[in-house]
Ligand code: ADP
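Quick setup: one chain, the form predicted alone, written in structure tokens, and binding and motion questions come after.
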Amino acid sequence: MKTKKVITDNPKDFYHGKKVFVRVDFNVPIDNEKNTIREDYRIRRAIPTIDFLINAGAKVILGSHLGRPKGKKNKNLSLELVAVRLSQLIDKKVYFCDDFTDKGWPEKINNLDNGSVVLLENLRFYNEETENDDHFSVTLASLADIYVNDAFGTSHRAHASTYGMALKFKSKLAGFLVDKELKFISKMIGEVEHPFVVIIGGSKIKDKITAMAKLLDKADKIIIAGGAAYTFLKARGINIGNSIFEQDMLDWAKDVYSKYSDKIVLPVDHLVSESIEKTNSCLIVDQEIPDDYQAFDIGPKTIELFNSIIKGPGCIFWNGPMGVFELDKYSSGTIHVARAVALATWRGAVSVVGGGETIAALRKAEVLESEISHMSTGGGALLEYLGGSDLPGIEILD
């Protein structure tokens, strides 16, 4: 893994009076009815980089996307509420730029005091962002003197703000969050500490194939649960009832299980129901699932089995919940795994948790950030990097 230059590799006076564009990941869940941010974790993770630049006397220009507006302005996906929240967190006024393409804004930014912070409106309100349009990249780049990427979660996209505009700068640096992400991922790509336990959940395995392929040889145990497990169970000829699975992945799952059956650990019992709404029809069943039933969580025997493996020390990587954890009835498996990972961390394990759903699961389990070694803000980016893919937003950095 190539080492990337971090903002602290330069002295603080390097930034004094300079305009620094920081690509952040403020793609946070917003409750539009209550006009509140439901979870501000990604905002808080960017604060060390922002604080460093403020204290260095830079004019900080923040750029991010929110949701998928597909090139159209959408008040429900505006970052204005994020500017308010960030202002509260750093105890400093954050100027909100509602349209950076307005020719008046570059002059406004130039006239700001050193140590000021500006947040641009949702970059994906412009199709040119996702198209990596060169003119759009030039316009963005013209706002600043130095480029910093602190948005690991979007670094697998060659968009204007993550790649195109970065080409226009002499200094292209990593922020503290990106630097930390790379350091923890390197522990799994390089010489990993053993026992190395990989936990894969969520509904699909297709998006995780390349990462799993890289991890299979390194891991001592690979726990597979959630919807991903039922593709493996069906491939083994076990009746999964109406449980979700990926038809086009059956041959792959069958081949992988035949090669790594000594490492792969699948659910041995399940919490099933006739439908997700019929919580009164829930049953615990061993292995075979009745035809009219669907699995929504792992059962108590599986929880006990998984807990016996997730002990620490060593290294643990977790991506994806064990079931439909958003509903309390089906959250037990995910909560138990979250707490097992936290306990293993206290016992000395290096734990890396990735993906928005997994972080939300930790919240539900009341696991503190301090009880996990690293909570990655990247889902797709994390899996692609683990799978050996170069990330455009990382490769472009000095």
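Residue indices: 1-based, along the sequence shown. It should be emphasised that the depicted structure is a prediction, and the values quoted were computed from it without experimental measurement.
Heads up, the form predicted in complex with adenosine-5'-diphosphate isn't pictured, but that's what we're talking about next.
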Among 142 to 150, 169 to 177, 324 to 332, 102 to 110, the region lying within 4.5 Å of adenosine-5'-diphosphate in the predicted bound form by heavy atom distance: 324 to 332
task: Consider the chain as shown here, without its partner, and state which of 224, 197, 160, 295 has a heavy atom within 4.5 Å of adenosine-5'-diphosphate in the predicted bound form.
output: 295
- prompt: Ok, 40, 357, 51, 371: which has a heavy atom sitting within 4.5 Å of adenosine-5'-diphosphate in the predicted bound form?
  reply: 357
message: Within 4.5 Å, heavy atoms only: does residue 202 come near adenosine-5'-diphosphate in the predicted bound form?
response: yes
- prompt: Does residue 230 reach adenosine-5'-diphosphate in the predicted bound form if we count a contact as any heavy atom within 4.5 Å?
  reply: yes
query: Is residue 320 close enough to adenosine-5'-diphosphate in the predicted bound form to count, meaning some heavy atom within 4.5 Å?
result: yes
field: Interface membership of residue 81, adenosine-5'-diphosphate in the predicted bound form, 4.5 Å heavy atom rule
entry: no
- prompt: Are there residues in 234 to 252 with a heavy atom within 4.5 Å of adenosine-5'-diphosphate in the predicted bound form, and which are they, in order?
  reply: 244
